[in-house]
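What follows is one chain in structure tokens, specifically the form predicted alone.
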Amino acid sequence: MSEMQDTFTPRQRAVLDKALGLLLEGGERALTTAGLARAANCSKESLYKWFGDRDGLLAAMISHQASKVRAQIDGGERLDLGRFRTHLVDFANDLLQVLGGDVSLALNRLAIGQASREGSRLGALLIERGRHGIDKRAGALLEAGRQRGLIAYHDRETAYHTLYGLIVRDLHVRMLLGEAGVRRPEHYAVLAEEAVDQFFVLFGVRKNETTGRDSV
């Protein structure tokens, strides 16, 4: 389970799923405290206690959505090449599934539409509570692979952004624009495998390198 998922109880996650559903069905205007309390069968007092104000609720919704992108590091177990590659493929597949999902696209389109509106916080929240959390966990996974001698890089941020670019390519922009045929969840696993293979070509450690580690 990811770090962000641990911050929410099962009941809170169920409420956040209802909130995301309301946003998807009716847009931002449908996301009211009273409406969410009715849909989730809880009190408005509970909502304020768990999430605070509207920005707090939006932040929690975004964190909950971002937590669906796994970047797992085996606790206490040897991180060998096979396990490391599996974790990277899981990350890539999850990222495509989340970015291409109805909820994330709705959130991003809403944020883009509000970008020029003074006082709008949604774009900043998507970066702070969504993208940054994903980046942090994935960066930790890459660092674990580097420490095990499975990949090599001089700058982790550059390596991570290369991985992200290989996974996402131009797909997210095309999804946001509604291009027909781009959202193919059944194909994401193949794209994830291809992206990780390409990443290892660029950052994998080979036998003839000075590290003396096994070939990637």
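One rule holds for the numbers: they count along the sequence shown, beginning at 1. The structure presented is a predicted model; accordingly, all values stated were derived computationally and were not measured. We call the rigid core whatever largest set of C-alpha positions still superposes within 1.5 Å between the two forms.
Note that the form predicted in complex with the DNA isn't included here; everything after this is about it.
The DNA is not drawn, but in the predicted complex it has no heavy atom within 4.5 Å of residue 147. Within 4.5 Å of some heavy atom of the DNA in the predicted complex lies at least one heavy atom of residue 50. Taking the partner from elsewhere, residue 186 is found to have every heavy atom lying beyond 4.5 Å of the DNA in the predicted complex. Remark: residue 31 counts among the residues lining the DNA in the predicted complex, judged by a heavy atom distance of 4.5 Å or less. Per the 4.5 Å heavy atom criterion, the DNA in the predicted complex is contacted by stretch 53-61, the sole one of 187-195, 53-61, 163-171, 147-155.
Looking at 35-50, the residues that come within 4.5 Å of the DNA in the predicted complex, counting any heavy atom, are 41, 42, 43, 44, 45, 46, 48, 49, 50. Residue 15: CA moves 2 Å or more between the shown form and the other one after rigid-core fitting. Taking 2 Å as the criterion, residue 175 does not count as shifted between the shown form and the other one: its C-alpha moves by less than this amount when the rigid core is aligned. Cα of residue 13 to Cα of residue 139: at least 3 Å longer in the predicted complex than in the shown structure. One change in the predicted complex concerns residue 130 and residue 48, whose Cα atoms lie at least 3 Å farther apart than in this form.
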